[in-house]
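Here we start with a single chain on its own, the form predicted alone, put down as structure tokens.
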Amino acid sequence: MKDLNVFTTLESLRERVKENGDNSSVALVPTMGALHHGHLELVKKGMSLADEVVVSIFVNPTQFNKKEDLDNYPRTLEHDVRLLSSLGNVIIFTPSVNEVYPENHCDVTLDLGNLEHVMEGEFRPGHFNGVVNVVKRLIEMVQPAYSLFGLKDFQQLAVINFMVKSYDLDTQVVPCDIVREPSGFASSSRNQRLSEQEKFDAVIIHKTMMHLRDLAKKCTPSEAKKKAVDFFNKGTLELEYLTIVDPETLMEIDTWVPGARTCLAAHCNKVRLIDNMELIASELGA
């Protein structure tokens, strides 16, 4: 890329960051590209926290369970650069696989406990090991004061928080609210693979979660889950899982707790979609 703010090597990135002085702070927004307005909100938040914002664009091969998903992941670098340039002076880091994982790189294996055995961990074995390795590596490369992640990947955020604490990484993890379309459909890079009809069909995800919010006021978690699954199945998507969990442990709950959250995954034809929502249940807790 000809844009002066696009860097492909760690050496060139660090030279650019140093231009602002040794005392300048950096916020990191790790992405796999195919950016949308949800990503821009992360960048804006980063701008409010730090002197510089680094957006990494790297399709990490180690977190894909299926080669087909890796091959089909949208890659739109020119569009991404234009989008980020609209926000001003954003530093864009687009490393190669060899730059992120050089020959002397040693993968880490972190015992995530229950976090890697439920929800995404159950249906995508090994996925979070890939996430841990790439995020740890990017944080070590960029050395940000702040690292920003969206709440749409709720379980991933829990994993990253656990990883940062486990390795005592010197960065503050900043969770950012889910950005949604007017329909309630969560913004996601995978949405680019959906037709307009499929986007319409996928709104059942948001409708189901909103239905669960109402159910949480009058049903037990198990009753609410059953009714929510029945509601979801009136649509055309294929449900992979729907669960109501404790926000800290991610374990499925039998009684309501403050901040109880529903998480779900579903397939819209060949595109796998995930979403989550905090349920209005805090007044029903202890």
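Not measured: the values here are computed from a predicted model. Heads up: residue numbers just count along the shown sequence, starting at 1.
Not pictured, yet referred to below: the form predicted together with a small molecule.
Novice: With heavy atoms only and a cut-off of 4.5 Å, decide whether F154 touches the small molecule in the predicted complex.
Specialist: Judged by the heavy-atom cut-off of 4.5 Å, F154 is well away from the small molecule in the predicted complex.
Novice: Hey, in the predicted complex, is P30 touching the small molecule, heavy atoms inside 4.5 Å?
Specialist: So P30 counts as contacting the small molecule.
Novice: Although the small molecule is absent from this view, report whether V135 comes within 4.5 Å of it in the predicted complex, heavy atoms only.
Specialist: V135 belongs to the contact set for the small molecule.
Novice: Hey, in the predicted complex, is V131 touching the small molecule, heavy atoms inside 4.5 Å?
Specialist: Result yes; V131 sits at the interface with the small molecule in the predicted complex.
Novice: If you check in the predicted complex, do N5, F7 and T76 all have a non-hydrogen atom within 4.5 Å of the small molecule?
Specialist: Judged in the predicted complex, none of N5, F7 and T76 sits within 4.5 Å of the small molecule.
Novice: If contact means a heavy atom within 4.5 Å, which one of 60 to 68, 255 to 263, 213 to 221, 228 to 236 is the stretch that engages the small molecule in the predicted complex?
Specialist: Among the listed stretches, the partner-contacting one is 60 to 68.
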